[in-house]
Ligand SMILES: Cc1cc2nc3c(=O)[nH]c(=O)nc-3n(C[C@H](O)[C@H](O)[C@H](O)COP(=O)(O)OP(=O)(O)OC[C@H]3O[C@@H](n4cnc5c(N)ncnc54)[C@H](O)[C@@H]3O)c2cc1C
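Encoded as structure tokens, the following chain is the form predicted on its own, with no partner shown.
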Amino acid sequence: MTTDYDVLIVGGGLVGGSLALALKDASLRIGLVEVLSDAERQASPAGDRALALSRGTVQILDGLGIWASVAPHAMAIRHIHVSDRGHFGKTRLDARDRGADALGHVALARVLEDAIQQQLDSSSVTRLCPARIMGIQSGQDSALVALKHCGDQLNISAGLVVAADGGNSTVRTLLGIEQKVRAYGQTAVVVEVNTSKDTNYTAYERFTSSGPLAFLPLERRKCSVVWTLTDEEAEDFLHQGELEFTASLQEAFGYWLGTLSLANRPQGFPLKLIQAERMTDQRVVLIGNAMHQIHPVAGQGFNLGLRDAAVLAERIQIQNRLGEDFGDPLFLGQYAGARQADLNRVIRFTDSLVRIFSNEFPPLAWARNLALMSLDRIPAAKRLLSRHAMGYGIRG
């Protein structure tokens, strides 16, 4: 059986689903391929991960029509507290200084997923779920995609295929697109903690000799923690008992939020900078984690992927109104060039934070603490940092 779509999105997660939503009213035939059934998605532990949403991301979600249903389940970040463990430098950011109600928000992935799916269920987007891509062959006028859907073989013709199928992208693998991988020698230890003091809508970024330690407010007295450690330290800490691990975390973070207690079991994730060798192929474009996976410092990963989807949707709609081919190599090359600028900016920012704040070389430690103190006292510098935290960067 052959079915034709203007745009076939492979991957129905947050980034792929957001792209489908952005295109649902564009008078295009949109297909969305998702390997997990709805029941499997609901049961997946990936839905429990906390996402830092910049103010720019919130505006995109609002434009997609889902923020109103997400907002009641999201925690506002009204203050950001940056410090360097064992040193005097500190910087504080306040949403009021920017004339805003929040610098960003924190929400669970499942809340966003449910809001996206609810909107898609009432749209003209065709969901192929569960379905698995088996092959792809691109031609001059269209791409032919072979799928296995509910036991049936489908051959689908699409004007453009968008790979939004995550870090282990099947589309990228089938096309033979290699990845550039750089290991940081660090592991992110992720855990939720209860706090004896009110979080007061504050996100904390505390830099230690091992790497950054982030506390994101989930509730008034609950935080999601991402603790970046060397691989060796992470291995040791993950094998500690609950009381010993909690004591280690408390020592690293301090008592900004009072005493801590674990709300779930800590897990470790090795950290790597991963980029696909190219963003496009013939009638195919990679977005989100299928294209890039970055260090979690500053919580930029999902925000970057959502900007991929937002910019691509905007450009597809303009191209479609002009009656032009959005699978054209020139069009895809221009999109890739614009997004590469944003990606490079985020990588430079996160890499710089990791290098500068994971180094105890005395002159560097003194310089970075002087910089933190200066940031706290220079309004123009704080406005620039606040603007970056709010996600008002290059969109492309």
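A residue's number is simply how far along the shown sequence it sits, counting from 1. Whichever C-alpha set is largest while still superposing within 1.5 Å between the two forms counts as the rigid core. These numbers were taken from a predicted model, which means no experiment stands behind them.
Omitted here: the form predicted in complex with the ligand. The next part is about that form.
The chain is drawn here without the ligand; in the predicted bound form, the stretch among 272 to 280, 235 to 243, 128 to 136, 320 to 328 whose residues come within 4.5 Å of it by any heavy atom is 128 to 136. Contact annotation for Leu343: none of its heavy atoms lies within 4.5 Å of the ligand in the predicted bound form. None of the heavy atoms of Ala26 is located within 4.5 Å of the ligand in the predicted bound form.
Mapping the unseen interface onto this chain, Val193 falls outside it, with no heavy atom inside 4.5 Å of the ligand in the predicted bound form. In the predicted bound form, Pro266 stays away from the ligand, with no heavy atom inside 4.5 Å. Taking the ligand as positioned in the predicted bound form, the residues of 20 to 56 that bring a heavy atom within 4.5 Å of it are, in sequence order, Val33, Glu34, Val35, Leu36, Arg49, Ala50, Leu51, Ala52.
Once both forms are fitted on their rigid core, the CA atom of Glu40 lies 2 Å or more apart between this form and the one not shown.
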